[in-house]
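In structure tokens, one chain follows: the form predicted alone.
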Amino acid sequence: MKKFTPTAMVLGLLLFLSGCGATATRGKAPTTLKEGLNRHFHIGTALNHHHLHGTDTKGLEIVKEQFSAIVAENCMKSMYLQPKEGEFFFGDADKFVEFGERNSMHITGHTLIWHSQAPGWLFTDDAGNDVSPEVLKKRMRNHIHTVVSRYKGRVKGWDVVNEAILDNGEYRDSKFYQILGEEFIPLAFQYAYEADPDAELYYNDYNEWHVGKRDAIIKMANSLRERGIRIDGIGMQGHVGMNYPSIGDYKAAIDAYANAGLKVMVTEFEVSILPHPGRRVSSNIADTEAYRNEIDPYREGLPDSARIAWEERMLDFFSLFIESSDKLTRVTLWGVTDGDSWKNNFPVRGRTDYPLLFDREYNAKPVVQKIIELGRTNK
């Protein structure tokens, strides 16, 4: 019989403990959003100027730790990429893409064609008159080809056209529409496909749950595909409040887009706790101050009742997202912390909102762990 030495006993014990450690690691509960949600969908956030230039180091640490996907908040919009015709600035966009690559993230480009934040030269000639349809087509093609081809194979998908349809289903009367009519949308998708046939191509819009807008978007997507023009998915921006939309209406929209054969993404999500301004007041100072208190009630912080109601609303939406994860490929928050959010200044400047998952001190709100647990416990 072979003698069993003390050394062998020690080695055996170490192997046993190592195996136990591996088992414990495999069974470890998720502690971050991307760990808790990764089997359901990508969880993402928007990067702003301070992130790209490294001045918001705490925010960047949250992004790297918590999120698996990123989108550019502003740096890929046309007024920043091509402020003058033929003069492209890619400094910030390059930083954005490089950050995503270093951290193995799903990267979305936002946005190629949008009536807002577009440079004025795009639509006018030297005399200030609207350009001809042929000139606008040429400028659109050059912009899209230059931008998309630069990041070919690096950006997973593009918000090709943004916010072109109104809530009632009519086309927005933008300069693109005035000069080219409905044709500007298929042209944009065709140009993007030419520049990178492997990138996913999306249409992105807000109030995407409105029935009129929802049906018009589906009709537009079907029209593109009937013409042999590729569109892969719909971005539901998800700028929601405490009482709009209903969870049922939002679910109906997700289902409708998915049933039309489109990938679905929630692309700019936040839950605003503030009331929507809805009335005008006189110039009387007392009236003005009363109105300000009405529409900006939480300047000193949230009372417990408001915080609990907001948390329940956020959990209701994430429960829906997880329930719909066979249809959703990505859920992206529009910012990292409450201090980043555009909702602080919209539609009235100076308001204080609390719409995101991390507070102004970069702390995860209690709802974050609850979302992680929802992801872990739901199939």
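Computed from a prediction, not measured in an experiment: that's the story for all the values here. Throughout, we count residues from 1 along the sequence that is shown.
What comes next is about the form predicted together with a small molecule, which is not displayed.
Figure note: of the listed segments 128-136, 101-109, 161-169, 302-310, the one touching the small molecule in the model of the complex, with heavy atoms no more than 4.5 Å away, is 161-169. At least one heavy atom of residue 117 is located within 4.5 Å of the small molecule in the model of the complex. Although the partner is absent here, residue 334 lies within 4.5 Å of the small molecule in the model of the complex, judged by heavy atoms.
The closest heavy atom approach of residue 74 to the small molecule in the model of the complex falls within 4.5 Å. Taking the partner from elsewhere, residue 237 is found to have a heavy atom lying within 4.5 Å of the small molecule in the model of the complex.
Against the small molecule in the model of the complex, the set 80, 268 and 342 is in full contact: each member has a heavy atom within 4.5 Å.
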